[in-house]
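This document starts with one chain, in the form predicted on its own, laid out as structure tokens.
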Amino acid sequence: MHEDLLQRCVDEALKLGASYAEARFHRHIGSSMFTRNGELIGYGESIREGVGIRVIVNGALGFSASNSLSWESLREAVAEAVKLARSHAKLMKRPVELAEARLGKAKYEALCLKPLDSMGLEEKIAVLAEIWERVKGAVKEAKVMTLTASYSEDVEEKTVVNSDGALVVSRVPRVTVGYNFVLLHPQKGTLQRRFEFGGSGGLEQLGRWKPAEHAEEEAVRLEKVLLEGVEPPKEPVDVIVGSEIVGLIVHESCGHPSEADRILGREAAQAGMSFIKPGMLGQRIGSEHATVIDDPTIPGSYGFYLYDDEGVPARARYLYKNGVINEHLHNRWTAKLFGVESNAAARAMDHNSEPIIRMANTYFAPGDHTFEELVEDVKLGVYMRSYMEWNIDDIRWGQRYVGLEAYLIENGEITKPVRNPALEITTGAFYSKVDAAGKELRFYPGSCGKGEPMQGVPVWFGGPDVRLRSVKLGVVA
């Protein structure tokens, strides 16, 4: 897929004085549809494609892109990248260097058992309409004020060529299905739930997800929370944090602060800073039960890839290992600065974006407890299954998660639903208070935003249910 044209771009950059050059063809072919209360309200298709050019000249990086594949346009883009790098070189306090790396010559695709075009448009609309019908019929006393649902497909195709010898061709189709509903009761108020499924592969995923069934079951449980929910205990209690919240926590309080460019301050004016500083590898951050992994290679994952956009082979990255800060996320530039090898974290959103350090599929490693075993050892506590809102500070240390579906635990048993419990905790306290983790690993999709201009890339975040000891919960009125 355009290998010769990309190699020509690389050769042209080297001829113009670049010491390193890369060219990346990047295409997204997508479609999306939206329904409100079972009726189609929008449908669209899109194609975005082009070539991104990145070079190093006199120790400075330059980037340019073209959405035209003509040689005239690409040659202009190469010249622009070289010009930008040369003009920046005089401002560099330290020249940009890339770490040595074993680069790939490979071609791969995400496994797709049921092609995206094996269902017609009407069948896909019917998937969303069924969510409305099932949720509408599930609630008894509350009213479903509105339910929006969405379905989207995206096929991401890339070819990466660079002057260090990489040649990687990839194709990754992705599917997402989501819903958002609002329940209303005249005396008890409102409750809103947003949920999404997502993964790489084909339409076989719909059979695993069963979105309409999932939404119906959630509506039944959340109506009970709305009608019967009590305040959480005021004294410190044990808290079982559901996998959905755990996944968000590890994404925000481990994945982002582990990005080496953020640690170095490059992201300070763009996406925030990090409590992790250079030299903190080996420091304890939590209990021995706290291991957080970021792994792009998980089959079917939303953040799936086998080689990053610098051609480096992907692998699992153990960011926190048994409670210790173990490694950071690196591209070849930060790897050189830290004196390590790149662990393949360079990703770009599209052809018009430079590759920057990104997460892929970040999760809390599962333990050896069943859910029943997590609960039976709690005399008084709260199980927070899902969340409705959250926030975290700029250095990824102080954070807050407000529970949506939550329950009281009394003498080792789940009892009453709990309304709006708030877990306010520091990163260090969360990982230190984990004393057990469940066996069942679950993942949730997201689009992670970072950079300037903003880049959104597909990721999974996940984990098992985990148990925290002695936490004081707040409550949102």
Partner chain sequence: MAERVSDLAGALVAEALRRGFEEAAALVWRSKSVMVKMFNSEISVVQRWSSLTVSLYLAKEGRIMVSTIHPSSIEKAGAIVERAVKVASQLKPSMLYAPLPEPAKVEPLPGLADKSVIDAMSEPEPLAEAMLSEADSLGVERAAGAITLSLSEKGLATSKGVKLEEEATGVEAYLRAFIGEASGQWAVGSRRLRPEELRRVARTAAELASQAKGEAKHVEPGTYDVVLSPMVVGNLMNLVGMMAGALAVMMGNSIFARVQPGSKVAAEKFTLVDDPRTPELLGSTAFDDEGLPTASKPIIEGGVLRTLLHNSKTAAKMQAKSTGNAGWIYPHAWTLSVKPGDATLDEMIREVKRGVVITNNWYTRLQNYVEGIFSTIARDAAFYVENGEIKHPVTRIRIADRLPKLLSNIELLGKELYDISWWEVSPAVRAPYILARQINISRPFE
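Residue numbers count along the first chain shown, from 1. Everything numeric in this text was worked out from a predicted model, so none of it was measured.
Quick note: we don't show the form predicted in complex with its partner chain, though the next part is all about it.
- Although the partner is absent from this view, Gly449 contacts its partner chain in the model of the complex, with a non-hydrogen atom inside 4.5 angstroms.
- At a distance threshold of 4.5 angstroms between non-hydrogen atoms, Ile56 is out of contact with its partner chain in the model of the complex.
- Gly323 falls outside the set of residues with a heavy atom inside 4.5 Å of its partner chain in the model of the complex.
- In the model of the complex, its partner chain lies farther than 4.5 Å from every heavy atom of Ile409.
- Not one of Ala138, Ala142 and Gly202 places a heavy atom within 4.5 Å of its partner chain in the model of the complex.
- The listed set Ser163, Ser152, Asn352, Thr159 contains one residue whose heavy atoms approach its partner chain in the model of the complex to within 4.5 Å, identified as Asn352.
- Comparing 209-217, 360-368, 313-321, 79-87 against its partner chain in the model of the complex, the single stretch with non-hydrogen atoms within 4.5 angstroms of it is 79-87.
- Residues of 313-331 are not found to place any heavy atom within 4.5 Å of its partner chain in the model of the complex.
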